[in-house]
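First, one chain by itself: the form predicted alone, in structure tokens.
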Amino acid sequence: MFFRSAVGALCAGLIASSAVAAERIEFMFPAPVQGKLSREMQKLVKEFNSSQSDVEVVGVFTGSYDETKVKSQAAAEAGKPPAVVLMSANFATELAMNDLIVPMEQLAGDTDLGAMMEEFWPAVRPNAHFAGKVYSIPFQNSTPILYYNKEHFAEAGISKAPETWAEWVDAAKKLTKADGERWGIMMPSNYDYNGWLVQALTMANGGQFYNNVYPGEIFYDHASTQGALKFWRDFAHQHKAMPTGVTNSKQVSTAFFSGKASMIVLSTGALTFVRENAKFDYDVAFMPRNIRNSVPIGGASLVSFKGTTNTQKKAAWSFISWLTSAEKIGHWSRFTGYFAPRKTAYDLPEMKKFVSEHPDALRAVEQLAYAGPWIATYNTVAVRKAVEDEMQALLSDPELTFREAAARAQENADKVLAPYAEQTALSLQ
């Protein structure tokens, strides 16, 4: 009896010891498209926890990209830095500048980070680096892309997706029906999406949008950005092919599904959502160009906040390595519509089968040949909002000129950037 009790106590002790050994870390993640993504992410967290006994990940849904940044910084300031955060891909620069996140070399141990990053598409790497170090690992990435209703195109006598801005305007006008019965084109102009699309139009108009070498400069009053603001504004007020005022991404997708919009611009991250809800023949195409084909990268990458213990860093890397493996990153791509940032995911048999059945999933991958980094500056959100406020004003006020809007956006962004510029480029001996 004593022996059985002793053995039982020993086993209980071993079980307790094993439970204690599991390092518990927090993983904050956004779900910018729909609640279905957050549920799937929790499934992945559960699968990881079941696959091993050393680490227990606690998944915490944190809302939009901007909200995730605010909440993770608040947690760090409160002395509870999150070990892993799925952060908007362009926020890593600012977080690294402010010494809030750690370079991945502090987590990666013996992993050859250089060789690992070579497995990712070249277009997603710049937003992962700052000052020569890797600060984030790409996980879900996207580009803006044109979705169009092929049945509406046939009805209007349009044989192919527009490739140039002139063709885009012509198609939008032909597809539009009077009194708002159907819009030729719709694009989301709510915060975050708005700035991303202004950058996309600026790049397609030959511009750089921001200084991607020095994070203290923005180019809102340059001709390429002014042209982008005018082009978007004219769809609403001059061509009357787009509703006026601010339109969010949900309104855009709903209008497309109901046949109230013939062309829409959304993230490739919405591709599965569109595929499941569009009850008509549709296709996707590159963003049309004026000067050149060019789009910014979007989506999110994994970062780790400063202040965690060495054991937590090791646990964080265990989860990051697992989640960004070709198998898991490929699964997430197929589930969501985001393209897989890790090239080797497309070598897997299940991925080859998927893209052969859904060739639209390859459009964003093909567009990567023309993709560049996403705006990443000192105080990125405030700098981005400076132009978003003006784009929204242009869509609402037909009397506001694009030059006035561009000048005001530049002035307000420069005020935000001034402290950094004074301490760096203007700090001369």
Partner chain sequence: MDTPSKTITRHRIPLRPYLLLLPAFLCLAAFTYWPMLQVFLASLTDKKRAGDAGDFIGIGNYRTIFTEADFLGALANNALYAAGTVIPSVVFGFLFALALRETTNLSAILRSALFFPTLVPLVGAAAIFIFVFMPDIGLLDYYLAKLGLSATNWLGDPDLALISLMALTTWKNAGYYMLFFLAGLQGVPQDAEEAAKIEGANWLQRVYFVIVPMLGPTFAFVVVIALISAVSQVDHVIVMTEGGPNNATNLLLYYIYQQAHEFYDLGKATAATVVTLILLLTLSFLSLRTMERKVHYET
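Every value quoted in this text rests on a predicted model; they were computed, and no experiment measured them. Numbering follows the first chain given and starts at 1.
Just so it is clear, the following notes concern the form predicted in complex with the partner chain, a form of the same protein that is not shown.
A residue is said to contact a partner when one of its heavy atoms sits within 4.5 Å of a partner heavy atom; Pro122 fails this definition for the partner chain in the predicted bound form, lying far away.
In the predicted bound form, the partner chain sits within 4.5 Å of a heavy atom of Asp66. Although the partner is absent from this view, Ala369 stays clear of the partner chain in the predicted bound form, with no non-hydrogen atom inside 4.5 angstroms. When the partner chain is considered in the predicted bound form, Arg292 lies well away from it, no heavy atom lying within 4.5 Å. For the three marked residues, Tyr191, Asn379 and Gln392, a heavy atom of each sits within 4.5 Å of the partner chain in the predicted bound form. Heavy atoms within 4.5 Å of the partner chain in the predicted bound form belong, among the stretches 244-252, 315-323, 262-270, 132-140, to residues of 244-252. Taking Gln106, Thr344, Gln73, Gln208 one by one, only a single residue has any non-hydrogen atom within 4.5 Å of the partner chain in the predicted bound form, and it is Gln73. Checking Glu327, Glu77, Asp112, Asp281 against the partner chain in the predicted bound form, a heavy atom within 4.5 Å turns up for just one residue: Glu77.
Contact annotation for 75-102: residues with any non-hydrogen atom within 4.5 angstroms of the partner chain in the predicted bound form are Glu77, Glu94, Leu95, Asn98, Leu100, listed in sequence order.
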